[in-house]
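Shown next as structure tokens: one chain only, the form predicted on its own.
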């Protein structure tokens, strides 16, 4: 079995899981398309506000479709001993996880692309002024958030708790970028400064401002941190009671 085979396996298992599809594809897509569309209906001339709203919802797509998706999937496969059986094959640990992370990142990018086209057609949100930067940041963010989701499974004791354990990441990501409204404005400045360090915020900031250096550095730091956690604390089988 090769890396390509693990990629295909992760993709096939994802599309066969209806609950996962509902939670990690349909839900973020409805949020990313519905909120800008609602904004345009409430304020017909507010294209800029609808655009900012959609850009903020990229954080929700990344936190759900990339981070939560891979955390829930790997937690379930760990508890079902699927990961343990995969380790008994000729695959290395790196290939097993790389295949899952790559599959999840691909799904996340696909959702982001579909939502980008949909909000343009439905709400008049313009396409990104710099499509290369937009694509690069979405791809990089998807890979980093999927890596962090795999690392986060070390803190999830059982698969049935995975979804609830990921909710804080989803909420913080949405608040940080304004996807959930002006909640951030009511928070202390030091909280806002901390939220600016999130990887999801880095992606949205790059899309909004065109900045590259700081968002890329933040994503690189988070990516390295995720790899380190996976290297030392990732669990391949459930804890023994």
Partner chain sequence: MFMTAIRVEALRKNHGRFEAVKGISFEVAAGEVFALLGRNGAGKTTTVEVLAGFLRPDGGSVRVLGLDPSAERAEVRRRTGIMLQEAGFFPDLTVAATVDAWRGFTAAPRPRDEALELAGLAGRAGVRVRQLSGGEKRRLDLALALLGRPDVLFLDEPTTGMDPEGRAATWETVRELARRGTAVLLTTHYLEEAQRLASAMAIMDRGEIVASGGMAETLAARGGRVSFRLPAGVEAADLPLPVTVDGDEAVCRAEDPDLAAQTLLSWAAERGLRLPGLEVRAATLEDLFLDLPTSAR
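Residue numbers count along the first chain shown, from 1. Computed from a predicted structure; not experimentally measured.
A second form of this protein, the form predicted in complex with its partner chain, is not displayed here; the remarks below concern that form.
Interface residue among 229, 220, 21, 13 relative to its partner chain in the predicted bound form, by the heavy atom within 4.5 Å criterion: 13. Contact annotation for the candidate site: 9, 84 and 88 all lie close to its partner chain in the predicted bound form (heavy atom within 4.5 Å). Per the 4.5 Å heavy atom criterion, its partner chain in the predicted bound form is contacted by stretch 72-80, the sole one of 138-146, 72-80, 156-164, 121-129.
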